[in-house]
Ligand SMILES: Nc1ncnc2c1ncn2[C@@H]1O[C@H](COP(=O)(O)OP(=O)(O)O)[C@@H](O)[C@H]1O
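One chain comes next, on its own, written as structure tokens: the form predicted alone.
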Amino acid sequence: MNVLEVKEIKKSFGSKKVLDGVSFSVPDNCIFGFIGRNGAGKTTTMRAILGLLKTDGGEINVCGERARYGCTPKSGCIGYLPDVPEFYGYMNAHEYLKLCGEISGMGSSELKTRISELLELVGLDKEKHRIKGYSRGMKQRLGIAQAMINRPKLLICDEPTSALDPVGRKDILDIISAAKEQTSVVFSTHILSDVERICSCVAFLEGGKTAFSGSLEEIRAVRGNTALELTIVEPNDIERISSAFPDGRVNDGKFILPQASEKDCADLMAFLSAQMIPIARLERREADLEDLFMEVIGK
């Protein structure tokens, strides 16, 4: 069963068409990566799912219920973590979650147990300071706890790891992975390594449309060939290689040729030999999510 179904939704702001037939579905107990460049329409899509934005067409169903503008889905169905969550800075984590639970109509006994569970899940169970002194990562963790307070069937996280340091990103990803035991998660991001680490299904958003939607296994099936990754001795030689092999790209000083066949490998080695370009390393690797994403956006 799908906890979320988005069908051909459209949205324009004036003459600018932001969404032009976006479709995807999210299964139960799944971490779903919603991928797109900054400004691709990810947040617009999420606001439409939450009933905060009126679409120009299409249909959204959450937990079997039609989502409509101005009408949030039935209680307990959706939890939401915005990209920059806001809090009452004079409260501590326990006080804030207690307020959220009371607003949700939870009983005091259930709420006490749930707050303890969530604070332990997000690693704030021993934190007594006021929220105004929290780091960005701590606020993101508290935001996840707040979004899960009433045990939603769907948790929407909008760019939860943006602007975090590597340790903070790892903490948030670990928490989202653990949350999968309790809910389905839609995880919006442009950081592809995060998606590959924790997601089982993905959708690519580009040009206002869903360019691809499916499981990571399906992506790997689409990516039949492996990629070639070349590290060269002299960085200045990379321009010559890129000119000769325009289907490749440069990433972190390495030249990558996605979907490289045996002939591509032979041609590249022959070119390097003919041009007398010294190399530090040449290896085959399974084409990854970044390779497919770069193809989708035409880079």
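What you see is a predicted model, and the numbers here were worked out from it, not measured in a lab. Numbers for residues come from their place in the sequence shown, where the first is 1.
The form predicted together with the named molecule is left out here; the points below concern that form.
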I'd like to know if residue 41 sits close to the named molecule in the predicted complex, meaning any non-hydrogen atom pair within 4.5 angstroms. yes
Classify residue 66 as contacting or not contacting the named molecule in the predicted complex by the rule of any non-hydrogen atom within 4.5 angstroms, answering yes or no. no
Close approach of residue 54 to the named molecule in the predicted complex, 4.5 Å, heavy atom: no
Would residue 289 count as touching the named molecule in the predicted complex under a 4.5 Å heavy atom rule? no
Interface segment, criterion being heavy atoms within 4.5 Å of the named molecule in the predicted complex, picked from 270-278, 43-51, 57-65, 244-252: 43-51
All three of 13, 18 and 37 touching the named molecule in the predicted complex at 4.5 Å, heavy atom to heavy atom? yes
